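In the block that follows, a single chain appears as structure tokens, in the form predicted on its own.
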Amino acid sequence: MTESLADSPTTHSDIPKFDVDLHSPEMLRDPYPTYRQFREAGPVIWLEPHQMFAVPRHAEAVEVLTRWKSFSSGQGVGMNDFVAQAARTTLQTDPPDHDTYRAIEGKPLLPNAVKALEPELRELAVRTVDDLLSRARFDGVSDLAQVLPLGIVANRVGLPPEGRERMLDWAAAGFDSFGMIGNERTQSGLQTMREASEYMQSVPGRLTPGGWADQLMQAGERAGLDLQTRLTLISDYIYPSLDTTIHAISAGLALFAANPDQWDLLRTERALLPRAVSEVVRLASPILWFTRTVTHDYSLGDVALPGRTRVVVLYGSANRDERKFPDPERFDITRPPNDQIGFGRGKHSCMGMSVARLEMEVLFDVMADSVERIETGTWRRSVNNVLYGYEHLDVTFRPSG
């Protein structure tokens, strides 16, 4: 790999071009057949409706995500400039600001702090699973997948009650706002984000003492951050921590239901829990894409990328790349756990992934104690510019013993 366009034989005119809108109903319902076409076409493609390059394969996706000096998040990780300027969070900044913000926000998410959440998570999981075992059918999203993230993370953030009630709406809207500026969902998301921003102006002095948001406000003040920056950074606890984990948990229910042999294996070998979570996240890929801006002329996969252009990293496609994952459509909880990029990679790897992993491991562990078989029925996909997951999923638990 070189970083000189002079060494690259492929120019923009030679790059495979697709007239595919990532926001279209077809892509939002099932992007994976099209992703396969993208990967077959080459390491970098051009999306005509978005006027952007896209990276569908694993190796190039990892290269983009780990070379932050060449592929910047500071110009935003969405497809419009407005949200990049309006939400200057850890997600949408480069070092040194990124490192400063992450150090302030990350204290409640350090390993020892996260480990301390386990007893409460396990108690909540046991109560929830015991209740669901008594029902003939339940919604795997609202009745199960949402319970731990909302029950633990939402309370730990420490917003006033009316803020906690809106967190799911704000989280979904935050991801919608990353779309193309002319897209209807993008505009709706931006409007909801404005409402959320206005609400955040009211929270100083009303946060739960000692909560994550309260700790952030105090640590940020000591670090010299202004009030608006600190209020904006609270959103890093809201948006990445809810929908993504909820979508992964509900996808796990569907995957284990469709692959009972893997559920039997997990019930027998609990040491496979970390790998099982990684495999669920790989196939679920709750975040389908983010973008980066090329800071200088760069050769990626022998394709010449001009500086100051935007590149879409297709996480959902890279996580099913045949070049990286043998039989990639197969759900295999024995796969190595660190190859998938559903939690990102590099400096912008998911700050809350240790919490998400713990929530999923605890829940699947508790389920494995008392659920012999998971069965699923009707389902409905959520519709979001960036997120991919279930809005509704009928589930039945068959008890063991």
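Since the structure is predicted, the reported quantities are computational estimates derived from the model, not experimental observations. Throughout, we count residues from 1 along the sequence that is shown.
Not on display, but discussed next: the form predicted in complex with ligand HEM.
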- prompt: Pick from F71, F256, Y315, F178: which has a non-hydrogen atom within 4.5 Å of ligand HEM in the predicted complex?
  reply: Y315
message: Please identify the residue among L132, A173, L91, L121 with any heavy atom within 4.5 Å of ligand HEM in the predicted complex.
response: L91
task: Verify the flagged residues Q146, R275 and S278 against ligand HEM in the predicted complex: is each one within 4.5 Å by a non-hydrogen atom?
output: no
message: At 4.5 Å between heavy atoms, is G252 in contact with ligand HEM in the predicted complex?
response: no
query: Just to confirm, F343 within 4.5 Å of ligand HEM in the predicted complex by heavy atoms?
result: yes
message: Residue-level question: is C350 within 4.5 Å of ligand HEM in the predicted complex, judged on heavy atoms?
response: yes
- request: Tell me, yes or no, whether R102 is in contact with ligand HEM in the predicted complex, where a contact means a heavy atom of each within 4.5 Å.
  value: yes
- prompt: Want to guess which of 42-50, 370-378, 24-32, 351-359 is within 4.5 Å of ligand HEM in the predicted complex, heavy atoms only?
  reply: 351-359
task: Scan 278-309 and write down, in order along the chain, each residue with a heavy atom lying within 4.5 Å of ligand HEM in the predicted complex.
output: V281, P286, I287, F290, R292
